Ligand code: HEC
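Below, in structure tokens: the form predicted on its own, a single chain.
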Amino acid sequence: MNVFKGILFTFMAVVSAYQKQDDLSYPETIKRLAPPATINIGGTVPEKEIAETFAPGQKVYQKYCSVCHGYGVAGAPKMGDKESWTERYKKGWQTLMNHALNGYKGMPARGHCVKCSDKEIREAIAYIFTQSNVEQNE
């Protein structure tokens, strides 16, 4: 029964996360990431300044990668697990990109981000490494 619950949870998490996968526009991303309420003291922040607060790869990670890598769904290495990500980093960028672009084990090709460029995928991987404190030589 626990296996069934795990499969059901995984399915529901993936379905709910990708209901609007085609809309990657900046305004829709901000809506999805916005807290339920905000307090603005002293004026507004220009939209350009808000856009610059995202690290390269962060938006793609939050929209696509975090569904599995945020929780370890289906055995995915979790963001912040330095040991697991260091092992993957040692395999080299060519292997990492091959796995990310073509899929690997339970990971779907491009992490379901069919509109993401190779550069965006690489930036998302680099973002995961940075957030997981993996020392990168490149």
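So that there is no doubt, residue numbering starts at 1 and follows the sequence shown. What you see is a predicted model; the values in this text were computed from it and never measured.
Note that the form predicted together with this ligand isn't included here; everything after this is about it.
Contact annotation: Lys105 falls within 4.5 Å of this ligand in the predicted complex, judged by heavy atom distances. Taking the partner from the other structure, this ligand in the predicted complex has a heavy atom within 4.5 Å of a heavy atom of Gly75. At least one heavy atom of Leu96 is located within 4.5 Å of this ligand in the predicted complex. This ligand in the predicted complex comes within 4.5 Å of a heavy atom belonging to Lys91. Contacts with this ligand in the predicted complex, taken as any heavy atom within 4.5 Å, map within 104 to 127 to Tyr104, Lys105, Gly106, Met107, Pro108, Arg110, Gly111, His112, Ile121, Ala124, Ile125.
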